[in-house]
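Consider the single chain below, provided in structure tokens and representing the form predicted on its own.
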Amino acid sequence: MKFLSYLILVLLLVPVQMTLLPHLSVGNIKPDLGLVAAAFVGLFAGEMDGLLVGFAIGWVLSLFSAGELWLSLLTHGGVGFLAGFVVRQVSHVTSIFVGVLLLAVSLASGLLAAVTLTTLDRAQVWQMVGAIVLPQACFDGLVGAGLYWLLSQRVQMARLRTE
């Protein structure tokens, strides 16, 4: 059952990302739902599930984008693993914590993507960071914090998974 729900998540993420998010963009900046979904799987299901589902999400999303495959796999799988690992170390997860975690990971992912573009010089990279990477990282953090807050209002979240 868990495998089926992960498969549905991975397969439905691309149409939602491509059809719904252009309407939710602010200043032509869209949140990365793949990053948020991988983090939530890591938060609620653990490190290994977050890593594997993050890899799958990164692979499927890279099929429909012009980005580097290894970068998408690394960032989405890494955020799933990191979220699962960090939540194991923290006694009480809040929406602010989830938002800051997603902001930091999205910022690191965007910086890595900007640096790996070999066609840009240093001034263009910094312009890209200020115009795209930082606003998208903030948007990802806000979306993650908002979704976690909504879930925590609706679902008893003392511990959704058993250790």
Partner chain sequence: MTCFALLLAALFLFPIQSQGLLQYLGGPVWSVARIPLEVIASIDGGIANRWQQYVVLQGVWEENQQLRKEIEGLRGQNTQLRELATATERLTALLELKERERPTMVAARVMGRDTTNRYQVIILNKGESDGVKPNMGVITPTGVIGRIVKTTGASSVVLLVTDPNNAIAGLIQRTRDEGIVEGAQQGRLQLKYLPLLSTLRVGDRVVTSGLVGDFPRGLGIGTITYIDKQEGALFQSAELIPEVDIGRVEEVLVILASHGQSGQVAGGVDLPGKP
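Numbering follows the first chain given and starts at 1. Here the structure is a predicted model, which means the values were calculated and not measured.
We do not show the form predicted together with the partner chain, though everything after this point is about it.
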{"query": "The partner chain contact in the predicted complex: H23, any heavy atom under 4.5 Å", "finding": "yes"}
{"query": "Contact label in the predicted complex: L51 to the partner chain, heavy atom within 4.5 Å", "finding": "yes"}
{"query": "Any non-hydrogen atom of V93 within 4.5 angstroms of the partner chain in the predicted complex", "finding": "no"}
{"query": "Partner contact for F55 in the predicted complex: the partner chain, 4.5 angstroms, heavy atom", "finding": "yes"}
{"query": "The partner chain in the predicted complex: contacted by all of G84, V100 and S152, heavy atom 4.5 Å", "finding": "no"}
{"query": "Heavy atom within 4.5 Å of the partner chain in the predicted complex - qualifying residues of 80 to 114", "finding": "F81, S109, G110, A113"}
